[in-house]
Each structure stands twice: as C-alpha cells, then as structure tokens.
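Following this are structure 1 and structure 2, which are two forms of one protein chain, each written alone as structure tokens.
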Structure 1
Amino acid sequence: MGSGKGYGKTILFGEHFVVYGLSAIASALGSYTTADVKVIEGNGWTVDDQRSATPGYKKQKYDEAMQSVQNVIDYLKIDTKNQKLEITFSGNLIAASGVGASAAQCTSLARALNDTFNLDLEDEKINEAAYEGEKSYHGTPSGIDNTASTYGGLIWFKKNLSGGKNTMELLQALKKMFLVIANTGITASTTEVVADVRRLKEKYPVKFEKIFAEYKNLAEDAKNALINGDIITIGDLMNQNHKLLQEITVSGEVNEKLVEIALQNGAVGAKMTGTGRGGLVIALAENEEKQVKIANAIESKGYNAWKTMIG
C-alpha cells in the first residue's frame, strides 16, 4: 500500500489578464488531497472518493475524474491486468472549482502509485504524470495547476500566445501567509465570462490597453512583495487587482459583498479569484487570529469559508 499528497492552488494575481499574455501568480495552498493505493488480487481499479466537496461537484466531474485516473495509470505504465488497485481519495482540500482540486487529485495519485510500486520518480516526472491526468479535465491544460500541486509554493506563469512553451517560474516566498477562501455558492461559465471580456476589449481597446499596462506593473510589484513576504504591500496590490477586475466586469454583487466583509474584519487585501461573477473570493490576513475573525464573519453571513496557508 502506498500514499501520496497533492496541494490545492489559488490564483493570487492575474486571472483573465493571463489570457492575453500577461503574467499571473498562483500559490499552492496548505490544503491538500491524499491518495491511498492498495494492491489486491484481480484486475482493473476502483475509486472511493471521500473528499469533502461543494454540492454537485463530484457528480458533475465524475467522468473526467475517472478518465484522469486512467491517464495517470497509463502514463506511469502500471499493470492493472494482473492486479487490481483500490484507490481512495481524501484529505482536507474541499473539492470545488477554482482551488485546483483536479490537479491535487492527479498529483496525489501519481505520488501514491510512485510509493506503492517503488518507482523512485523525481518531482518532474510526478508533475508530468499529473499533467496527463489534467488533460481529462481541461483538454490542453496550462500546467500551472499541476505544477503548484506538485512543487508547492508560488508560481509565476505567462502564457505563450504563439503556441510555444509557457513560462513557469517557481518563486520562493520569505514566509508563509494566512489566507481565507470564501465560496459565493455561484458557479459561472468560464467560457462565457472570458468571451464577454474579449468583446469588451474589442469595443474599448484604448481603455483595455490602459488597464493591461496598469496590471503589468502591478504583477511585477506583487512578485517582489511575495518573495520578500511583504504582507501589507501584497494586500494592497490584491485590492488594486480586484478594482481592475471590476473594470473588466468580471466581479459580481456577491463577490463585492464578500470582499467588503473581509476588509471590514481585518483583511489586508481581498479579491475575487478565478472566473468571477460568483465563484471564490480570497482574503489575506496578517496573522492567524485575524484569519479566524475573517472566516467567522463570512460564515456568519451564510457563506462557506475555509482557512489555509499560501507561499
């Protein structure tokens, strides 16, 4: 029997802007998915998914999740004709859109298979296997989620718009930081929201050129602040990033409500993360005491919130 772990992730800076070749910064979360693999007589494999999840998530993603398991098994060339694998997923990462749940599942499985069969794989190979698993969820994934899940820490990511290799740089933060993730309970279509932004960009090119220039400078400042562990500056830049997301119309009423609750209860910075118009909001806290206060305030208003670490 073997086991493995894969971390969740959040986008700290750059959602939507990354589509246009601007840099984004993602962070692995302290929350993770674990996989346990037991080898028994028989053939094939079974999955017992014990992960906590937002309502409907696992049912909606079931076919993709099963294909991801097969992809990872195939990539690592694990024999399932002469033996049977019993796979169990658990851990403290809540399976939801926007936290890299699929990548965490794929990474944890790759590590568990590596442990079970003594494959002696380096992280680079684990990451490659997780990327193959991610293909079942995303078609052609960027690779940022599985990279964060495998290596942890911070990822500086820039999409190559010419179709070449994307830029992915592992960053080392000076310190771990306290984060609250709030769930609006609303799921928006990423495809539709991205299309709306593209239409606006085509309609108001000068406005968007100015927004993009402002974000480009912001991203560089955020990179330096994260490396130096400058929490106050990071929080301020999160607030600025959120205002830019408001300008391109991807925030929503409930996002604004949760951002305001977080800031009123001591967050140094708060913003929507991911697709927007619902989905998730992240809030940065100076210490654990304030992290608890922010999470409790959000939950008192009827929303789900969980506490984790970044960096």
Structure 2
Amino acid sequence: MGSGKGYGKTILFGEHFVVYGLSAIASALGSYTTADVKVIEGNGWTVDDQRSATPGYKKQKYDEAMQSVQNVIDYLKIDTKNQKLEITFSGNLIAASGVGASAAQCTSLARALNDTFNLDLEDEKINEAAYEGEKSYHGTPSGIDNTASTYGGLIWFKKNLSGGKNTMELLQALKKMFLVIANTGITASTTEVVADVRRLKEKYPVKFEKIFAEYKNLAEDAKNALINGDIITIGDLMNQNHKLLQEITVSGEVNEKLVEIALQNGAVGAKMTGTGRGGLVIALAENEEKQVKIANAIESKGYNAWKTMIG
C-alpha cells in the first residue's frame, strides 16, 4: 500500500503560448489530489475516482484518465501481470478544467507508485512519469501543468521544443497575492482547443507571429512585476494576456462574463486560465476584502468561486 499527492495549478501567464516554446508563469495551488495504491492478487488495475468534480467532468475525461493511468504505470514499468493494483483518487482539489486536475492525478499516481514499490525516484523522474500521463489528455502537452504539480510554488517555465530538458525556475514573489478562481462549469477538451489553436496558427502565421512577439515582452514584464510585488502591474498584464487569448479564440462566453464581473467588482486584473473555452477564470485582488467582494459577486450570479493565496 502506498500513497502520493499531486498539487493543482493555475496558469497566471502564457497558457497556449507555452506549447510553442514561449515562457509561462504558473503557480501550484494548496489543493491536491491524492492517489492510494493497494496491491492485491490478480492482474491489471482498477480505479475508484472519489474526487469532487465539476458535473460532467469525470465522464467527459474518463477515457483520457484511464489512458493516463496506463501511461504512468507503463513509464514506471510496474508489473500488472502478476499483481493487481487497486487505485483510489481523492483529495481536496476539485476536478475541473483549468485547475491542472489531470496533471495532479498523474503526479499523485506517480508518487503513490513510487511509495508502494519503494522506487526511490527523484522529483525529476516523478515529473517525467506525470508528463507521460498528461500525453493522454492531449498529444503535445507543454509540461507546465505536471511541473507545477510536482514541484509546487511559483514557476517560470519554458518548454524545450527540441525535446531536451525544459527550463524551470522557481520564482519568489515579493508579495502574497489574493486570487479568486471562478469556475465556468464548462469542461473543455484540451486536445481540441490546442489543436484548434495550431490550425489557426498555420492559417494566420503573420498574425500569430505578432501576438507571440507581444506576449514575449508581456511575460518578461510579468516576471519582474511578480518579483517586485507590483500587484497593479501584474493585474494590468493579466488583462493584456487575456486580450491575446481572446485573439487566439480560446476565451468563451462564460469566461468573458466572469472576467467582467471580477473587474466590475474591483479586481486589478482578470483572465481565463488553462485551456479556456470554459474551465476557469482567475482574478487578482489587492487585499482580502476585495477578494471576498469579487468571490461573492461571482457566486451571486450562480458560479462557484474559490479564494486562494499564491506567491
């Protein structure tokens, strides 16, 4: 018997752009998925998924989730011919699009297998195993979600497009930030949205080049603003990042609605986060009072909102 945890994440800057080798900034969340593994007689494996989830999420992601379990088991070369694994997923991370639920699940499983079979794996190997799991959710993950889930903290991440080691830098934000995470309640398919962006990029190369160039500067500014604890600038850059995400068509109607509610209620910045076309929106508040106000305003319109601190 063994167990392991994988943290949820929120992307502050650079979802989608990160797939093309541009730098992005993500923060792990305090909430996590736990995997428990029990070894019994028999062969193969079973999953009991006890995670709380956005309605429809687990059903929609079922095949991908099962494939991700297989990928992690295969990557770690766990024998399932002469023994059977009973895997249980639980924890306080709500499984929803945009919160890194798939990465948290893959990371927790890699850690639980490490624990069960005394594999003595370093985080780097856990991260690699989780990345293999993530591939089942879409063929070309950037790796930012599993990296945040494995290492925790605030990270600056750049995918190595040549296949070598990715760049991962732990950032130290000068100030803790009050964040509201709002749930559209819509589950998006990362595979489909990422593929759609790729198609658009191929169709409009000049437009994308311009957007990428703009984002590149924005990411550097965001890194500096985080390090310096400049909340107003961070908020402003979040708004700018959201506009670029609109331009590549990954925002959605409900995302827009939630961004607007957050800004009208005093957020210094708000944007969709993660895959988009549903999923989550994040809003930055200057202090706890404003954070509460934004979260209440979103909840009063019938959407779930969580308050968290990052940095």
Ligand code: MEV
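Between two forms, the rigid core is defined as the largest C-alpha subset superposing within 1.5 Å. Reference numbering: structure 1, starting with residue 1. For clarity, every value in this text was computed on a predicted model and none was experimentally measured.
Between structures 1 and 2, only structure 2 derives from the form predicted together with (R)-mevalonate (MEV).
Core-superposed comparison between structures 1 and 2: the CA of Ala35 exceeds or equals a 2 Å shift. For Ile248, the Cα coordinates differ by under 2 angstroms between structures 1 and 2 after the core has been superposed. A movement of the C-alpha atom of Glu64 reaching 2 angstroms or beyond is seen between structures 1 and 2 when the two forms are aligned on their rigid core. Core superposition places the Cα of Pro55 3.6 Å apart between structures 1 and 2.
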